[in-house]
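First, one chain by itself in structure tokens, the form predicted alone.
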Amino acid sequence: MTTITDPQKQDGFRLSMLINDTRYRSLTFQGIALLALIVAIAYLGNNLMTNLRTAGLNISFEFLGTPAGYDINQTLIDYNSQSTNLRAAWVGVINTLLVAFLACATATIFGVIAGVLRLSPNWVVRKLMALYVEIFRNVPVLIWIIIIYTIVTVVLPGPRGYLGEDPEREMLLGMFAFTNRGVYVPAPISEAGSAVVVAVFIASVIGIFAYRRYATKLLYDTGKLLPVGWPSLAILIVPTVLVYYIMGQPISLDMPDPLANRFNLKGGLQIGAPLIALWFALSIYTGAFIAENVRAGILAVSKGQTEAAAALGLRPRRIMGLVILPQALRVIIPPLISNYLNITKNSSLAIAVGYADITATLGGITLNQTGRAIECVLLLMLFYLVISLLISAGMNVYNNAMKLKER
């Protein structure tokens, strides 16, 4: 009987070793595949350019510098109809990132809560969460967007509903108005010194994470349990409030005022109905998928871990936070990355309710007005590719940090 072994090490290198030597064979095949891919892309690119020249067309991005000529209903940066198409595209990019960030955060909250409650010993709670998951994840997200948008625009009253003799009593806490045009909330007004207050607030949030990490490490190392709830609240509020008054209260609120106009509320910040519908629909739809990921991650942890923690006297809440979820995260995070990517890409459905994301601005109005379909589509593809890669890279860093460390 003969055995197949790798060739013996020899002095020098011969071309035949690229095929016969297992040390180089895989590299050879990968190089051939890469070369074939480059040739195919080059052929397709050359064919595209030849056809465009034959049709009298050429790829140019000069249209980005011309006036857009259309208005956008909700912007986070200065924009008007005389701004450039590039400015309109930036508005769409920011709006897309805004709704994606909000939806990712709220979908994670919904998913974690629903996933944990799906394993509740209470039969009613468990079945209600199962009903939520089965209903929302089995209906297309576009339908949920349209349903929620219809509810917001039809069920909620118009702005004139708040224009009574005493409109302050109609508004929630005198600050929030829910109308069919959107939700009106107080808007912050920044003055000199506001940047210091914001910086202290951000530092306080970072301090909360640092303290909680220290408390967890101390618990694992020594068994000493530090309080987490009230110290975290104190770190968040006390430094910011002190600096706020020391700097002379540099941040104030612009309240929605129903008395300023006969037909609409003035002042404050309006969160438009399209943004609300898109944000909430993406959150509850993706939250149903995240709930199943959370449930699967928890079930992947051995039941003996729960029993051992209970035998040590830990309360159920601490068992979940200190024993179960840290181990379940290793199962939850990989599919969670895909859910975040789906939220970002599904935000392109915003055009169905008139929300001006990047697909509606650059891939919609700008494309139709300029006729530059190839350029607009290429820029859209580049944007979604870059955002998806950045999300994957960031979440993979977190995933690697949560992996089980082996010796």
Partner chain sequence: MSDTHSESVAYVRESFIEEQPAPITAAGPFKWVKDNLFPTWLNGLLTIVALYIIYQLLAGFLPWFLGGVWTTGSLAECREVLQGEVGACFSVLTDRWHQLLFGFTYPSEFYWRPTLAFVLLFVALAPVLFFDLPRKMLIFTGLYPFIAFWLIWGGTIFAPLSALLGFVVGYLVYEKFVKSSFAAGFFGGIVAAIVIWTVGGWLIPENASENAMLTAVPSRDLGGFMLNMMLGITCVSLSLPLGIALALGRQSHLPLVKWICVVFIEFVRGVPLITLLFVANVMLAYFFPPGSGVDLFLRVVIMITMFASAYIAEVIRGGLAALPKGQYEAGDSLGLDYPQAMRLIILPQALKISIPGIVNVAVGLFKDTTLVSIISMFDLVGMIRGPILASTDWNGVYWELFLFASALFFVVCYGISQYSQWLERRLETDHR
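Numbering follows the first chain given and starts at 1. Here the structure is a predicted model, which is why all the values come from computation and not from measurement. If you superpose the two forms and keep the largest set of C-alpha atoms that fall within 1.5 Å, you have the rigid core.
Just so it is clear, the following notes concern the form predicted together with its partner chain, a form of the same protein that is not shown.
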| query | finding |
| --- | --- |
| Region of this chain that lies against its partner chain in the predicted complex, out of 246-254, 316-324, 282-290, 228-236 [heavy atom, 4.5 Å] | 282-290 |
| Candidate spot 52, 142 and 381, all three touching its partner chain in the predicted complex (heavy atom, 4.5 Å) | yes |
| Close approach of residue 337 to its partner chain in the predicted complex, 4.5 Å, heavy atom | no |
| Contact label in the predicted complex: residue 146 to its partner chain, heavy atom within 4.5 Å | yes |
| Touches its partner chain in the predicted complex: residue 222 (any heavy atom, 4.5 Å) | no |
| Contact test in the predicted complex: residue 128 vs its partner chain, heavy atoms, 4.5 Å | yes |
| Its partner chain in the predicted complex - contacting residues of 132-155, heavy atom within 4.5 Å | 134, 135, 137, 138, 139, 140, 142, 143, 146, 147, 150, 151, 154, 155 |
| Rigid core fit then residue 345 CA moved by 2 Å or more between this form and the one not shown | no |
| Core-aligned CA displacement of residue 45 at least 2 Å between this form and the one not shown | yes |
| Rigid core superposition, residue 395 Cα moves 2 angstroms or more between this form and the one not shown | yes |
